[in-house]
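Shown next as structure tokens: one chain only, the form predicted on its own.
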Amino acid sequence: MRIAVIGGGASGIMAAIAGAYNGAHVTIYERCDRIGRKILATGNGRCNYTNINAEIVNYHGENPCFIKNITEKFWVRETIEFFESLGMLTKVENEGKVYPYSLQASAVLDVLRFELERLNIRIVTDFEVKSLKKQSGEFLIESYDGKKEKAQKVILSTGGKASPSLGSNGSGYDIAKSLGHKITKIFPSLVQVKTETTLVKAMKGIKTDAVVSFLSGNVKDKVRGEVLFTEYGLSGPAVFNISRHCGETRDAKIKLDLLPDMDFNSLREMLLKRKELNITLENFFVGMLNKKIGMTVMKYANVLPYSRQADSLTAKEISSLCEAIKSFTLTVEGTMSWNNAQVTSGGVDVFEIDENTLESKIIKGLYMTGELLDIDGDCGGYNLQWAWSSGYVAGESAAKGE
């Protein structure tokens, strides 16, 4: 069996290895000058390559339950065992993130490259696919510079449009579409969110723990985690995890609970006691909130000037400050671009893909993996887990199929 894997990212590499494990002769075709570039950038260069807490609830798309059968074949345990079999020692850190023990993303790519070499998997770089056609029971693959290759099976692992500097340019969508597949709406995800900037600019560079709520009509989502204030809006893991809504919904707002461990009434009682301290409003929140956040809360609640003494606060102003802390609300003005995004939301419609094998229901012998499909995960190793799982199942299925 001759299998062509188009795309040398995480899912493509795994698909090639799984195909070779099952007796196929595999070639990877990569448009860049080397494979695995995006792997090196994950986890801030440390590569949290999976998450022990990964479940279907961590995935999104028009039909996230599509991944159920894949998770039963090759999931977190199998992924960790696979990398350990290649000699990589792993460690679990906060929130279930799994890293190579060396905390070097290069370690993940290196052990994969060694396995590709051991399996004699052919790698063709600088091969950008212009067209893919099925003729007389075989696939004809043609590059932009005129090279032509043939294969009995093809695994399309081109990735999405996120982080184009690392190799993903969305070309896989055009290939899939040319073969009759539907592409759902695509937009940047796990990306910084742009908001009105009047207030956030004053807090630029400050990180805080918060509950982040997305609000727009019937669409609501809530997640707790780190938030980073920027000159253009919001960043940080919690914001990344709700950012997919910001790309598909208009007239949206983000609400921050800046003291999530304290309810409204307890906060109100605390502030009533603090007003007896001999301090100005400028320093009223010192010891509770970052000073700049505290001053911005004062401005948001229109409790000014900062030079006032705390004991001048009225009961109404105390309530306004509590409301500002528990419901600091900003208008969403979009997201940052594909260059900033970690992953693509949307993709090839999974209703046209076999949920057991990842084979196309339209073109026999064509398989699809990873970010190319309309499946995207939360921040924290979930997208790489989908890449490994979908790649392994597609590679195994392609090699074992008729």
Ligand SMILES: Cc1cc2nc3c(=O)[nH]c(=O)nc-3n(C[C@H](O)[C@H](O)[C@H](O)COP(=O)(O)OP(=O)(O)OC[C@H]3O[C@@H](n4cnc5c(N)ncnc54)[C@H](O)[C@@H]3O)c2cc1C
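The structure presented is a predicted model; accordingly, all values stated were derived computationally and were not measured. Numbering starts at 1 and runs along the sequence shown.
Keep in mind that the form predicted together with the ligand is not shown, yet the notes after this line are about it.
- Segments offered: 112-120, 319-327, 80-88, 166-174. Contacting the ligand in the predicted complex at heavy atom distances within 4.5 Å is 166-174.
- None of T27, S360, N58, Q342 but one reaches within 4.5 angstroms of the ligand in the predicted complex through a heavy atom, and that residue is Q342.
- Every member of the trio A10, T42 and N48 reaches the ligand in the predicted complex with some non-hydrogen atom inside 4.5 Å.
- The closest heavy atom approach of C32 to the ligand in the predicted complex falls within 4.5 Å.
- In the predicted complex, the ligand lies farther than 4.5 Å from every heavy atom of A394.
- Interface membership of E128, defined by any non-hydrogen atom within 4.5 Å of the ligand in the predicted complex, is confirmed.
- In the predicted complex, G370 approaches the ligand with a heavy atom inside 4.5 Å.
- For the stretch 144-158, the set of residues having any non-hydrogen atom within 4.5 angstroms of the ligand in the predicted complex comprises S157, T158, in sequence order.
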